[in-house]
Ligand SMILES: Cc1ncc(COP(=O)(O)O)c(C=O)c1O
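Starting off, we have a lone chain in the form predicted alone, written out as structure tokens.
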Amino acid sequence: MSDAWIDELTPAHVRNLDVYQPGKPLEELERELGITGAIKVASNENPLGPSPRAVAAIPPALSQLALYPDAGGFALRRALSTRLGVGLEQLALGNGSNDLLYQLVLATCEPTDEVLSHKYAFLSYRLAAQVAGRTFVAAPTTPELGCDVEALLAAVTPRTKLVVIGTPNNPTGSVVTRAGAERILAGLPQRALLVIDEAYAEYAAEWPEIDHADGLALLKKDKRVVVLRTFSKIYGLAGLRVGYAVGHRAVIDILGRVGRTFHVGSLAMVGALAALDDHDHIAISARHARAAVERLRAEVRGPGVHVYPSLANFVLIDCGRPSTPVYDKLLRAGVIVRPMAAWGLPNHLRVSVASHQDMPRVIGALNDAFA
């Protein structure tokens, strides 16, 4: 039977989507390659594991699994409200921060509106627009692949509704300065929102000597700012899928109108609530990431190789050649990294920080592959 019928069933903007390609599970790659003890440094996960407080808090909550979760996430939102110094009505929870970005597009963008970011921003920004059939615009970047504020502003049109910047940005690790974020906001139409993705904000805080934007401070000055954060990164709860948005109460109200009921599970909220107060885990994880990034930048070398600076828990590496053979060689060595061809960077790899015991092996494998 021909598949032509699906073309009639499916809108063109869905048929033409670039599908996100997740990496294979570690166990499957080991089976395919005939190896054991592989190290996964491909997904920017916390190599120190989940917050111990979250792990301890979840088992007592298992007896409540027959009940639907609190649809409003009151306990977690109340804790975040106190921690961040914002009103309860300024907070929305999501199934990861990506979920909230998709909601923002649905809630604010007319069919003719545009979502704007830059060429090497996180792929989900593009996908969130395209899934909803909205136009995504990618502005040029700086020579170091960071957000070029003036180029971004030059791409603003009367149809611009959301401008999305990641700081630190995935996959480049670059940041937008405080002045840069203020300049973007000042140049936006009054009908537009500035969405600041701060998934790696807790890591960036470990680099106080480097100027980077503070989305919450900017929100206090302008109601057109929305800040996205997640428990997937430094808190180590990627498997639970919980994030949050901070914005003006009117924006949060609109988000609530398009969000799905019960879209954040009970265990996710219990874990996130406990992890929020796990100050030791956060501090240790941030210090480890900075030391590991500095080590990768200092010790990874090879002809034409460039390791970009990063304020997150990963680095972007220009291999100085097509990255596919390098990636394949690393796989055979049991080190799984992320190729960047989908971002339009066919010579680049993204490498997450590893645990203390695995860092020497990761660096050794990289240098062998680059030799």
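One rule holds for the numbers: they count along the sequence shown, beginning at 1. Please read these numbers as outputs of a predicted model, since none were measured by experiment.
This next part talks about the form predicted together with this ligand, which is not shown.
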| query | Wondering, does Ala199 line up within 4.5 Å of this ligand in the predicted complex on heavy atoms? | reply | yes
| said: Test of understanding: in the predicted complex, would Asn170 fall inside 4.5 Å of this ligand by heavy atoms? | reply: yes
| message | Under a 4.5 Å heavy atom criterion, is Tyr125 part of the interface with this ligand in the predicted complex? | response | yes
| message | So in the predicted complex, is this ligand close enough to Asn98 to count as touching (4.5 Å, heavy atoms)? | response | yes
| field | Option from 112 to 120, 228 to 236, 247 to 255, 184 to 192 whose residues, in the predicted complex, bring a heavy atom within 4.5 Å of this ligand | value | 228 to 236
| field | Arg295, His212, His288, Arg241 - the one with a heavy atom within 4.5 Å of this ligand in the predicted complex | value | Arg241
